[in-house]
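Next comes just one chain, in structure tokens: the form predicted on its own.
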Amino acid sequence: MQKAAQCMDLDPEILEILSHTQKSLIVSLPIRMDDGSLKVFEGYRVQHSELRGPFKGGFRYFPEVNLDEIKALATEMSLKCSVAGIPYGGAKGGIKCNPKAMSQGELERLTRKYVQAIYQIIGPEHDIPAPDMYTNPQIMAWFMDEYSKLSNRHQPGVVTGKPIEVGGSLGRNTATAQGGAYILEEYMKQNNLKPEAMTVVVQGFGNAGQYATELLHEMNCTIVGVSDSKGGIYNAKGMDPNAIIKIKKEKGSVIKSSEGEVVDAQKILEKPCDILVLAAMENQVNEANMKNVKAKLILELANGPVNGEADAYLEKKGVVIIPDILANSGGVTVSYFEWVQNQQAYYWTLEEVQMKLKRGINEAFQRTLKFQKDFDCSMREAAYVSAFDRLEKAMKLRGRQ
């Protein structure tokens, strides 16, 4: 952020304002567990900026969730929405818990208690949550239902990422991966790269990673490696994503597949490939492994998967990094589409959603490339410049200084 601000000569006072969040809420959530015991969970909702519209950002269920992490992610959301050109500010939320060790009933009670605790600061015109790490459409449905009960009217627009049956949008479940695929497609076209000549490793086989694997395979790229939390598999000759997905669903991990040799979950990052898709967690490429990364191009579908030192090293080495606030903005873009449809009570076809997503994501990509050329900087810095440019103009026009 600092480099981008210096690059564009951003007003230091504006940077100072954007370096702080507007509001942080910490809540205690007492839940009756299935065994009859009472457990108190800690939850968070952080609102960073509403300069360009209502607060927007997911909430996650994870044992290591903490306030500092949520603040950083809320800031990133403001920048991501600005880069994408959609009229939202940034927010983020989370609950410190282990969802894998909880029943559906416990997760439902936790979700409803969280809605009750943050009810006063959210709403379709104020703060619209969405799915994030280990939260899903079912949790969004519970969230919407509880908020609707509290407000005494049907409020589908309070949250996005819902099931289709209760106001979700077609194309939302694949949006993050689809947006990244559109960017890769455009990048390859502009650089005269043939998809059939590209080998791909995908780290992370959750929603975004799995769909990215399918979409890139459909583009005729060769998938040579995939991984999940239990490990990875690699085959330089290529693998069939559909076979891997089937095994993942049946046996719980990609390492059960016979499509490739089993490798350590972290070592998959160091395997030979042209494109490395990072779709797992933060800080995956760092000082410990950055010198062993062999990819020529990195697509950040996760938030913050390459840390600062690794980013600088790889950039100097000539590795192209398509940054998270651009690469994974397809998710929040289609979340915006879902919210628009909810507000209008008029729903679009999948073709309409994908057409609008492709147009929006490509416009964001071209705008970033223009700033990269104008300021002779990295793509990450250019994406931040793109975001700051819109936020600075909004702040000055609204007279917020």
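Numbers for residues come from their place in the sequence shown, where the first is 1. Everything numeric in this text was worked out from a predicted model, so none of it was measured.
Beyond the structure shown, there is the form predicted together with ligand NAD, which is absent from this document and is the topic of what follows.
If you check ligand NAD in the model of the complex, you find no heavy atom from any of 220, 239 and 296 within 4.5 Å. For the chain shown alone, residue 103 is not a contact residue for ligand NAD in the model of the complex, no non-hydrogen atom being within 4.5 angstroms. Within 4.5 Å of some heavy atom of ligand NAD in the model of the complex lies at least one heavy atom of residue 205.
Remark: residue 187 does not count among the residues lining ligand NAD in the model of the complex, judged by a heavy atom distance of 4.5 Å or less. Shown alone here, residue 148 lies farther than 4.5 Å from ligand NAD in the model of the complex, counting heavy atoms only. Interface residue among 133, 263, 72, 121, judged by heavy atoms within 4.5 Å of ligand NAD in the model of the complex: 133.
Between ligand NAD and the residues 176, 82, 160, 213, the one pair within 4.5 Å by heavy atoms in the model of the complex involves 176. Heavy atoms within 4.5 Å of ligand NAD in the model of the complex are found in one stretch of 188-196, 239-247, 312-320, 277-285, which is 277-285. Contacts between stretch 214-229 and ligand NAD, counted in the model of the complex as any heavy atom lying within 4.5 Å, involve 227, 228, 229, listed in sequence order.
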